[in-house]
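Before any questions on how it binds or moves, here is one chain, the form predicted on its own, in structure tokens.
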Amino acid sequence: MGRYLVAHYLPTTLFSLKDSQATNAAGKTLLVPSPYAVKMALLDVTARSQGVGAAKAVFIWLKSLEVRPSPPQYACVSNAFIKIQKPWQSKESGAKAEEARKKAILDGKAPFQPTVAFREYAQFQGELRIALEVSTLKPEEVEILKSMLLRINYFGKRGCFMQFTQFGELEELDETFITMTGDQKTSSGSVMHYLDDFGAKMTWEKVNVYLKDKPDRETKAALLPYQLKRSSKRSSLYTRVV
């Protein structure tokens, strides 16, 4: 039997988080923050509030923690086409590519150019809960984790704000939490996501998004306790089954 620290949040704005396997042009949103997104949010607030050295120390015990979200009672997902900026790319190669790039900059078409992309935004009603399995952590590490969880003010795309409300503890997760491949219990929901987490070979250097090293992601199938109530070309309404 485990020991879970549960952080409660109230969504205060629209939520959007692209599946890590989605293309830039077509990004359907996940309905919960992935374990990868939660851990990156924790490292981000630690680095901002305590410094990079503290975040590096937290990464050592955070990378292998089990993270399970419990979605809000209702989620209404709106479909939208938005304008985004994408890096300008030349169709030429070699020296011609550099000449084309310079000409595009002079013409105002580089380094970025506008294009249209599909995005989804979810409006939640109810609490989002994030459970972290902390039975292997030392008491002082649990206190550090609590201090970071209450500092988080958004998950997913920047601006998807969440308001922390309270902590709770559970010995066993109930049916409102997602289940993942390999779990003994299975959610009664009918919505499946592929959620990523830190892989076994994830290192502190690979966490840095400004380096070229690709992060080690482990993707698992997750079943959400949601069912689709109704849908149109503009939006879809999901309700939690428990």
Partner chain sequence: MRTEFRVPCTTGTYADTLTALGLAKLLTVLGATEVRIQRPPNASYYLVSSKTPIPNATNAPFQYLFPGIVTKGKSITSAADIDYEAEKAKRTRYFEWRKANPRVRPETLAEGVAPEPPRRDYSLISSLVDMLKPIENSSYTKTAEVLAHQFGLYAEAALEGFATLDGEPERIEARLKQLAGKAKIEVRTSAVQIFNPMAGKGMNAGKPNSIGMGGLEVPIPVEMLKFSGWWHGAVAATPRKTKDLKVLVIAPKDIGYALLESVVSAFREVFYGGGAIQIDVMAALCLTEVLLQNHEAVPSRRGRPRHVIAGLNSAYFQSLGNAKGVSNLSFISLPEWIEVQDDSDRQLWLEVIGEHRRILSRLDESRSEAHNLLQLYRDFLSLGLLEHFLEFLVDYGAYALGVADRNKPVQWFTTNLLRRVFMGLDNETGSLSEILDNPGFQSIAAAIRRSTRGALYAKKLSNDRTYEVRYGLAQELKRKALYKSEFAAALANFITEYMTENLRAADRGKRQRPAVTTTDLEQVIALMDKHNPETVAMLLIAYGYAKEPRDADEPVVDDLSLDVASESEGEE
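Residue numbers count along the first chain shown, from 1. As the structure is a prediction and not an experimental result, all values here were calculated from the model.
Below, we refer to the form predicted in complex with the partner chain, which is not included among the displayed structures.
In the model of the complex, at least one heavy atom of K91 sits within 4.5 Å of a heavy atom of the partner chain.
For Q227, a non-hydrogen atom is located within 4.5 Å of the partner chain in the model of the complex, even though that partner is not displayed. Taking non-hydrogen atoms only, A104 never approaches the partner chain to within 4.5 angstroms in the model of the complex. Heavy atoms of Y36 reach within 4.5 Å of the partner chain in the model of the complex, making it an interface residue. Per the 4.5 Å heavy atom criterion, the partner chain in the model of the complex is contacted by stretch 114 to 122, the sole one of 153 to 161, 140 to 148, 114 to 122, 95 to 103. Contact annotation for the candidate site: L42, F167 and L170 all lie away from the partner chain in the model of the complex (no heavy atom within 4.5 Å). Using a 4.5 Å cut-off on any heavy atom, the residues of 3 to 30 that reach the partner chain in the model of the complex are, in sequence order, K18, D19, S20, Q21, A22, T23, N24, A25, A26, K28.
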